[in-house]
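Only one chain is shown below, in structure tokens, and it's the form predicted on its own.
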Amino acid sequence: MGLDNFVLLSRGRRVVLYFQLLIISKSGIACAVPSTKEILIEKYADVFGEENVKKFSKMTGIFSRYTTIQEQTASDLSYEAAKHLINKKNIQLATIGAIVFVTQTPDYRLPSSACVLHKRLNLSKDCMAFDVNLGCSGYVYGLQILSSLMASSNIERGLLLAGDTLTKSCAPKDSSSCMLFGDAGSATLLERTDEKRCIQMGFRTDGNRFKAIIIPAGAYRNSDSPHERVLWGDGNVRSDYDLYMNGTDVFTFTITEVPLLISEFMDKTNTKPDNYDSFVMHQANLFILKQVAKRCKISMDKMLISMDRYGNTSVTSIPLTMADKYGDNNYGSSKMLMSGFGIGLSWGAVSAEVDTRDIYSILETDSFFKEGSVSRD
């Protein structure tokens, strides 16, 4: 892969890297959710009041979601998705040369959950494995990371696993988050191809707003924070070990920066909304997606929606939405524009031609890795 494939495009003071890969293609997607489905009005009417829950669902477009049992983690869901994908595609394990797991809810602080998944999938010692700590933008970032890794090496196949169980990170009476998120995991297979398909990508980051979505404690900063949940300034009860999201800041960021990137992306790639069969956005909430569609002149008929049944599944929302629409259906090839945006703050866009016949229906499972429990041997 030569330097000709890396194109740095600038517009005024804004700089975006568009990365063109002509040898890598998506060749399979599988997703898994827990078996427990929660209807928001049934679970939270007594907590927040029926009218408030209805108002929340009308604004966000979220009416139900799936949540894990206590023992189940994001890696468990992604493992089931990967196992299903490998079996469906009849992939020889020795041909998988990399596994990248994108998550904010790993099994442990260390080691990398990707190494646990490497063991469970029985992959070769010649296969590299590592985690990436990203959320709602993580799937499109993960595609870039794994694609560029494969393009600069002799790796024939790579697995991009993406999963989160953010319902475990939300305070139970935090109305800004506890009804928003759902749990899910995914597996995407990338492989070399002789077809001249082009994956185009663009990314941005604004670290100045890192506090907009944050769990302040639980790692190595603020390690002495109390665990007691108290009333915060926004009227919600949480601790520093719970997820905090500044809704106003995130909303403003999403409806300004994301449409701008998508519009510039289409401009630089000489495409228009009519050139795409579907738009697969991070399922933040329905009102935000409508605003993005309006500002980018995208028909809502092309905007795929899954949040009404699965909630905001963080890093998994893009592949889960594809599986919800195309799983085990014979649609054929589809040109998609995908965009993830959120924590960091970070955002990105990817366009690719995807054979939807390689997208499988969503699994439901409560399986978990029993060997992963604490051992003091």
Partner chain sequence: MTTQEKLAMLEEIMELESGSLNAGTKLEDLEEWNSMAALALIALMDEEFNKILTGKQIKEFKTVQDILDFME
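Quick caveat, the model's predicted, so the values are computed rather than measured. Numbering follows the first chain given and starts at 1.
Although not depicted, the form predicted together with the partner chain is the subject of the following passage.
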With the partner left out of view, is Ile39 within 4.5 angstroms of the partner chain in the predicted complex by any non-hydrogen atom? no
Contact test in the predicted complex: Val47 vs the partner chain, heavy atoms, 4.5 Å: no
Contact flag, Met59 vs the partner chain in the predicted complex, heavy atom cut 4.5 Å: yes
Contact flag, Pro111 vs the partner chain in the predicted complex, heavy atom cut 4.5 Å: no
Based on heavy atom distances of at most 4.5 Å to the partner chain in the predicted complex, which listed stretch, 133 to 141, 74 to 82, 288 to 296, 217 to 225, is the contact stretch? 288 to 296
Which residue, Asp206, Glu195, Asp126, Asp249, is the contact with the partner chain in the predicted complex, using a 4.5 Å heavy atom cutoff? Asp249
Only hit among Ile255, Cys170, Ala212, Leu149 for heavy atom within 4.5 Å of the partner chain in the predicted complex is Ile255
